Every structure is written in structure tokens, then in C-alpha cells.
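Have a look below at one chain only, the form predicted alone, in C-alpha cells format.
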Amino acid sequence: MLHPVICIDGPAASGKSTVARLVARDLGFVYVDTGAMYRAFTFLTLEAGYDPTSRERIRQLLAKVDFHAEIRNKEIALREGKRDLLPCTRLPEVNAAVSPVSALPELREYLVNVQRKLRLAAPLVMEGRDIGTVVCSDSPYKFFIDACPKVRAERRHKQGERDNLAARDQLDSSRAAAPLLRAADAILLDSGAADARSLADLIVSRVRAARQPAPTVP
């Protein structure tokens, strides 16, 4: 049985991760950061000494890596063999290389399959860049969170990361495989105009209203 998925997409530093965590906590769903999966593979690519733009190297890595994405105690676990990959996903060198790695079609196809299988385990709040358009396009719960470049840049600075958001937006939006797009039926939310708590409350109320059974006609 496929469990429900709340899709939350948006560009880097839009605040979607904070909102998604709050929504998952409020509804008792499992929070899944799909970007962490791409960061995990970026770490493995760099660790192996591979060119992060090489499709051939990614094919080689996928053929030999023992990667697992599992839900344990209502949390996502990312492992290579028995090694926990989550602590490696926020390294500066990983942040700098994640966009070209995540643009490689072979990796996206592999991880989309991994992400879809998680729906068999539990209800999910899944955030990323192609959840509503590719990964779970059949979900009725789709939201796209964005903010103006200035707000996002300030957030990035507070996070201690110094990547070029404009360049990253261009890479994410123009890649051939699953570019960053707002699904046609996704609700657009401005995180520069409202705080994370308010946006999470809005999403939770909409999801709860949509999941209520229709009233019986006497």
C-alpha cells in the first residue's frame, strides 16, 4: 500500500526544510529530505576521487555502492553499507559540488526509485526540487515554497554557507533531468512574507481538510 505524501518543493534557502519538518511533526508523518540523498552521493563521489560532472563515473559508483535509505523510528536513515552518511551531507565541499552531481540523469533515476519506495513504509512529508513534478506527481498535496533572492541569500549566510544562489538556481532550473519547477497544481507559498510556523499551519490545515471524508447526504 502506498502511503500519502505531502510534496514540498522549492529552491535553496527558501525555508522549505524548516516548514517540512514542522508539518511532519504536526501530522505524525516521516520527514524526508531528498536533497540529503544527493548530498550523500556527492560525498561518495568526492571520496572516490571522481569528477562530479562525469556520467560515466556516476555509473561506476552506482554499480558498486551499497546505498540504503530506510525509515527507522520515524526518521530517515541514509547508509553506505553500515556507515551513516548523514553527518557527511553538510560538508562545504559537498555543498559546492552537489548541483552538478544531482543533475546527472543516471543518479536522478536511481534516487527517484529509492524515494518512491519509501511510500511503502509510512506517510511522508518529502521535500526537494522535483517531488511534485516527478517523484510523487500523483500526490494531491503539493506545495512550492519560495522567497525573493535577498531573503534567501540572508538565510544562506546565517546557515554559514556561501554558495552562489543565482548560479545554483540556474543549474537546478536548466538541467535536462527533472529541473526545478513548480507543479501546475502546487500551491505557491512565500516564505519571505510569512514565517515557517504560519506556512506549516496553512499546509497542515489544507491537508487535514482534504483528508476528511465527504459528508454523507441524508
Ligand code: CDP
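Quick note: we count residues from 1 along the sequence shown, nothing fancier. Note that the structure is a prediction, hence the values are computed from the model and not measured.
One more form of this protein, predicted together with the ligand, exists but is not displayed; see below.
Could you tell me if all three of Ser99, Gly128 and Asp172 have a heavy atom no more than 4.5 Å from the ligand in the predicted complex?
Judged in the predicted complex, Ser99, Gly128 and Asp172 all sit within 4.5 Å of the ligand.
Go through Arg116, Arg79, Arg90, Lys74 and name the one with a heavy atom inside 4.5 Å of the ligand in the predicted complex.
None of the other options qualify; the answer is Arg90.
Taking the ligand in the predicted complex as the reference, which of Val207, Ala200, Ala24, Ala13 has a non-hydrogen atom within 4.5 Å?
Only one listed residue qualifies here, and that residue is Ala13.
Check whether Arg168 has any heavy atom within 4.5 Å of a heavy atom of the ligand in the predicted complex, and answer yes or no.
Looking in the predicted complex, residue contacts with the ligand include Arg168, since a heavy atom lies within 4.5 Å.
Contact with the ligand in the predicted complex for Arg156, defined as at least one heavy atom pair within 4.5 Å: yes or no?
Residue-level check for Arg156: yes, a contact with the ligand.
Would you please decide whether Gly35 lies within 4.5 angstroms of the ligand in the predicted complex, comparing each non-hydrogen atom pair?
The answer is yes: Gly35 has a heavy atom within 4.5 Å of the ligand.
Is there a heavy atom of Lys142 lying 4.5 Å or less from a heavy atom of the ligand in the predicted complex?
No, Lys142 is distant from the partner.
Quick one: find which of 102-110, 80-88, 117-125, 142-150 has residues within 4.5 Å of the ligand in the predicted complex by heavy atom distance.
Looking at the partner contacts, the answer comes out as 102-110.
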